[in-house]
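Consider the single chain below, provided in structure tokens and representing the form predicted on its own.
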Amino acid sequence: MADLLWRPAPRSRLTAASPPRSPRWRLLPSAIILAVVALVVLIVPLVVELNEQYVDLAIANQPPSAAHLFGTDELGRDVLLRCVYALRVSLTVGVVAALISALVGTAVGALAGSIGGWFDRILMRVVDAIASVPHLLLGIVIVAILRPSLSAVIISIALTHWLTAARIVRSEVLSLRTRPFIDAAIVGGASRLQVMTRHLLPNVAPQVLLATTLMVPHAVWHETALSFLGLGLPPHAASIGNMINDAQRSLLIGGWWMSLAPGLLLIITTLAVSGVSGVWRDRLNPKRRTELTW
């Protein structure tokens, strides 16, 4: 009877939870994919040169084969080679635009958080006003003003993606301003500029780098959308958006490989970048990583 009445207290959810799993199962595949993509994008253009004006109608619209692994397009150009060059353009645009937007967002967020008051309120209202406009629509307007080109695409992406970095840096700076080491630096005679450059910015650098990495996939998709709409590189240039746009006509005659190859490479590459960024984000926030495993 006593055995029936006595039961051990159930273990709490916190103590019963298994330790967090290692993020290597997500990091390793993404890192391998990024390494392969980087090697291909860097080495292939050095070995094989792409002639963007090349036309060979005798081998046009050929399906994937041993001679052309991804087939040929409607002008007889090798789809695989154009995908490599197009991916190089997309990654270049994504990385450069992400770096520029991170610099702009860091400057705006640091100034707003460190100065505070009416200056902070005005800057944040400007950020909210820009964020209320869809990024793609604003990017189209910027490219239309600057004339479609590679530099115009980079500028349009940078000017529409710095808002996230600005908000992250501002929130981190506002949190750091209340820390004792900031008060000690001010009492020690450090100027506002010294406090920002020596104490605030180094402490927000990991979050800024993470935000920059997360912006790369967004920038790549943004560049693809602009090129697809005819506002990116010239139509004959190798670009993921241009290739998908050209493949629309080929789908009606059964040329499925012309859109599958660039679209698949775009999805795999951006997912790999997102996977590495996700692991990095979890490492920066161990509490969130532990909660996800419960």
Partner chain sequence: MLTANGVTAGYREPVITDVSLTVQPGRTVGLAGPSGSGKSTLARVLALLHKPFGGTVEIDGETVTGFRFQAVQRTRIGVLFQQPRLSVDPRFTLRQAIAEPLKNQDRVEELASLVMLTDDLLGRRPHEVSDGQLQRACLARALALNPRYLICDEMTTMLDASTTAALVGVIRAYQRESNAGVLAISHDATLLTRWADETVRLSAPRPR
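Positions refer to the first chain, counted from 1. All values reported here derive from a predicted model rather than from experimental measurement.
Beyond the structure shown, there is the form predicted in complex with the partner chain, which is absent from this document and is the topic of what follows.
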item: Among the candidates V89, V195, I168, A158, the residue which, in the predicted bound form, approaches the partner chain to within 4.5 Å (heavy atoms); value: V195
item: Location of the partner chain contact in the predicted bound form, chosen stretch of 76-84, 208-216, 93-101, 183-191 [non-hydrogen atom, 4.5 Å]; value: 183-191
item: The partner chain contact at P202 in the predicted bound form, heavy atom, 4.5 Å; value: yes
